[in-house]
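For reference, the chain that follows is the form predicted on its own, supplied as structure tokens.
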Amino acid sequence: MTQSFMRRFVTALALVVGLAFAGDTLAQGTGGGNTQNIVQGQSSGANPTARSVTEEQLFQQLDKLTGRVSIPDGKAAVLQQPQGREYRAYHESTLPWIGGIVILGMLVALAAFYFTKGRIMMEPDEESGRKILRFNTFERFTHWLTATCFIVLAISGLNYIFGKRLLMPLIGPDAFAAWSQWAKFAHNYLSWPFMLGVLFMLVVWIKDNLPDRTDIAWLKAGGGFLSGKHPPARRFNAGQKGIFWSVVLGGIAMSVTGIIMMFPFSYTDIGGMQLSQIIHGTLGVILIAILIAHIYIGSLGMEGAYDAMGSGEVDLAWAKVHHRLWVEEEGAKTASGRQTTARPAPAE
């Protein structure tokens, strides 16, 4: 039994020594080589991420990359939308510059015109004091409905572009957040009566705003603003027709893009919504600039012009100067002549 035990002990000892020797040899052949390679790699300055795929390379391969997602909502499955960067750059940089240049440029031009030419005054005439009906009650309602809604839409829309840059530093973030929320409500709800007003304008005034040959002569004369001699015009001159079509066509385009934004993803994808916002914002600032000029001419810029949309009646002498052909057409409609009323004489 002693010899058998000794034989087993020697065999086990030999096995342990053999395994230890083999492990040491293996470590020298593999681990030592790896350590040497790592040290050599560090000393050579190699970048272990130099050969990794960059984000830009992935964007260049978007048309070749394929895959699928299990998310039921297709909108939520969009993980990267490179066009969003272009929209953000336009909204944060390009659009504010366009709005600032267009609107401030119009204000500067009107101020320069006013201080150099002054207000356009009515010319004295033997028919001064007599009135002629220019716009009836429904026409004036249509005008003021559209104009009032547009002013609120313009202010709330400009807040979207310039609010956080100009207004928030003045009133603080909390007040600005509350103001912006109410501005959004006003913008959404008043857009519907604005669209109705644009439709009314199209129906009521389209026949008087079709271009004709008198518009060419009016444009050649600059509308009489520079020469002081007003070319003959019908009910609306070329400048007024330009404003009409700007409001109608621009209003329709803004209505369509606005509806797309009010009902997200109902009619288009994220790319279409971003394009709608670009069109909506750009047309918005252009229309604001155009209607600033319209407001100036209809109030401060020209004496007697406001009466047309105030009482609906204008001075006959004023009408003959600015819309002579229209006055003649109104006089030819009835056997009794023009639809005029005499201004009551002041009490002495």
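Predicted model, so just to flag it, every value in this text is computed and none were measured. Quick note: we count residues from 1 along the sequence shown, nothing fancier.
Beyond the structure shown, there is the form predicted together with a small molecule, which is absent from this document and is the topic of what follows.
Though the small molecule is absent from this view, in the model of the complex it lies within 4.5 Å of a heavy atom of just one residue from V204, A175, A147, I278, which is A147.
This chain appears without its partner; in the model of the complex, the one residue of Q240, N159, Q274, S191 with a heavy atom within 4.5 Å of the small molecule is Q240. Though the partner is left out of this view, I132 does not reach within 4.5 Å of the small molecule in the model of the complex, counting heavy atoms only. Not displayed here, the small molecule is kept clear of M106 by more than 4.5 Å at the level of heavy atoms in the model of the complex.
Taking the partner from the other structure, the small molecule in the model of the complex has no heavy atom within 4.5 Å of any heavy atom of A293. The small molecule in the model of the complex is not approached by L283, whose heavy atoms all lie more than 4.5 angstroms from it.
With the partner left out here, the small molecule still marks one of 259-267, 90-98, 147-155, 210-218 in the model of the complex; by a 4.5 Å heavy atom cut-off that stretch is 147-155. Using a 4.5 angstroms heavy atom cutoff to the small molecule in the model of the complex, none of H230, G301 and R324 count as contacting.
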